[in-house]
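What follows is a single chain, given as structure tokens, in the form predicted alone.
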Amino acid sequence: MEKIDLSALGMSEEELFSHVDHSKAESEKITAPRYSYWHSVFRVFFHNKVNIVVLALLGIVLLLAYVYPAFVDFDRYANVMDGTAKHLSPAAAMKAYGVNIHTILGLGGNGESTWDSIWFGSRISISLAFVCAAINMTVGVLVGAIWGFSKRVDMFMTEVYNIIGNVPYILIISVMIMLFTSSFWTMVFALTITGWLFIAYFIRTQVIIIRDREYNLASKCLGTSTIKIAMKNILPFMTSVIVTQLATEIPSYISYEVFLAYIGMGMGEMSLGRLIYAAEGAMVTPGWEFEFWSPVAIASIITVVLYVVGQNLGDASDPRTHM
């Protein structure tokens, strides 16, 4: 090894050598990349190109359901007196009224645009699903977290669940709708009066699995309240479970609304379910099929897209996928 003559550098010893203080605090620091939970969630979610396509489709559906009706003057009964405008197929409607967005799916039984009817109805159905999901998930998650962690609450709520849980959910909804005026908020009330209970029971089961882990026992020994342990220690750990549950809840409310309307117990508003119910006779009438199958197809697309986005977001919310 070649030796270097330090005197040739023309620098003093103080300049060449300096004392370095030793800090125990600095030595304990670990250099690691910064981790952001939600940044990692979206990184994993958007890494799958299918999710981008499905999310774009969901965006288009929401734009058509909420933005499009704001720019269209739609009157379902504007052409009700015109017999030549009723039950027109897309080809016949375009021939009679020109090729435009209002005639691409034909005209319905009242001479109304099937395309416009679908998106005005979709706005009602999607709004119903979002409102019901927000109420049921909020109440269900909070009650379920406390239910699974407190043994006193568990004894009481288990008995409540055993009584109400054995009554068919669709029967409870039907009775509520029959007792009150058939409207949007009546449907919300019917879908949420006991809907949160089933979510709470699911969350309770998940909480029981993790409530006795070491860090929760340590928090309890230090005097942390049950509510604080449930809110701070348990629920954040269950983010992926909650998102996955939400993914199944939102489409299910659209399905309930469509089913109840199809059997004649839906809302008074012209929702997707009411459109399908009103066009039931067109399903078997030659040339009228678009009146029935168009809202059925849109309802199916909306539920599938919402479910796929929610499920994939739930998978991305699992920290084990962030490696």
Partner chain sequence: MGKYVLRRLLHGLISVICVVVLVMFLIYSLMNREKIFASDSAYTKQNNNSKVTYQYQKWEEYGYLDYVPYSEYLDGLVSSGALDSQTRDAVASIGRTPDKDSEATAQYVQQFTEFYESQGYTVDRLDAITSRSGKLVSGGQQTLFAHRDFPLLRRAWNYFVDMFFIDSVNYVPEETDIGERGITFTWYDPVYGGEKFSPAIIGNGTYHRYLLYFDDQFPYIHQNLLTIRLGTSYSVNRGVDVFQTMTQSQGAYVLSTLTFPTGLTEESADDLHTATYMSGSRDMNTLNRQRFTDDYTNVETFKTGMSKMGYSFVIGIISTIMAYVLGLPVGLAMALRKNKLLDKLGTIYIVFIIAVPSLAYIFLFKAIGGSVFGLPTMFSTDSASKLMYVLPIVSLALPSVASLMKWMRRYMIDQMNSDYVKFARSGGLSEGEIFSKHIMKNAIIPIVQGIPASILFALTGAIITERVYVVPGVGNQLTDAINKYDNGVIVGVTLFYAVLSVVSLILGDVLMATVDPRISFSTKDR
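Positions refer to the first chain, counted from 1. Here, rigid core means the biggest group of C-alpha atoms that superpose within 1.5 Å across both forms. All of these numbers come straight from a predicted model, not from anything done at the bench.
Below, we refer to the form predicted together with the partner chain, which is not included among the displayed structures.
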Choose one stretch from 223-231, 155-163, 101-109, 141-149: the one whose residues place a heavy atom within 4.5 angstroms of the partner chain in the predicted bound form.
155-163
Can you work out whether the partner chain is within 4.5 angstroms of a heavy atom in all three of 69, 124 and 192 in the predicted bound form?
no
Residue 313 within 4.5 Å of the partner chain in the predicted bound form, heavy atoms
no
Does residue 283 make contact with the partner chain in the predicted bound form, using a 4.5 Å heavy atom cut-off?
yes
With the partner left out here, check for me: in the predicted bound form, does some heavy atom of residue 168 sit within 4.5 Å of the partner chain?
yes
Residue 48 versus the partner chain, in the predicted bound form: is there a non-hydrogen atom within 4.5 Å?
no
Partner contacts in the predicted bound form for 277-311 (non-hydrogen atom within 4.5 angstroms of the partner chain):
280, 283, 292, 293, 296, 299, 300, 303, 304, 307, 308
Could you tell me whether the Cα atom of residue 156 shifts by at least 2 Å between this form and the one not shown after core superposition?
no
Is the shift of residue 130 between this form and the one not shown large enough to count as movement, that is, does its C-alpha move by 2 Å or more after the core is superposed?
no
Using a superposition on the rigid core, decide whether the Cα position of residue 167 changes by 2 angstroms or more between this form and the one not shown.
yes
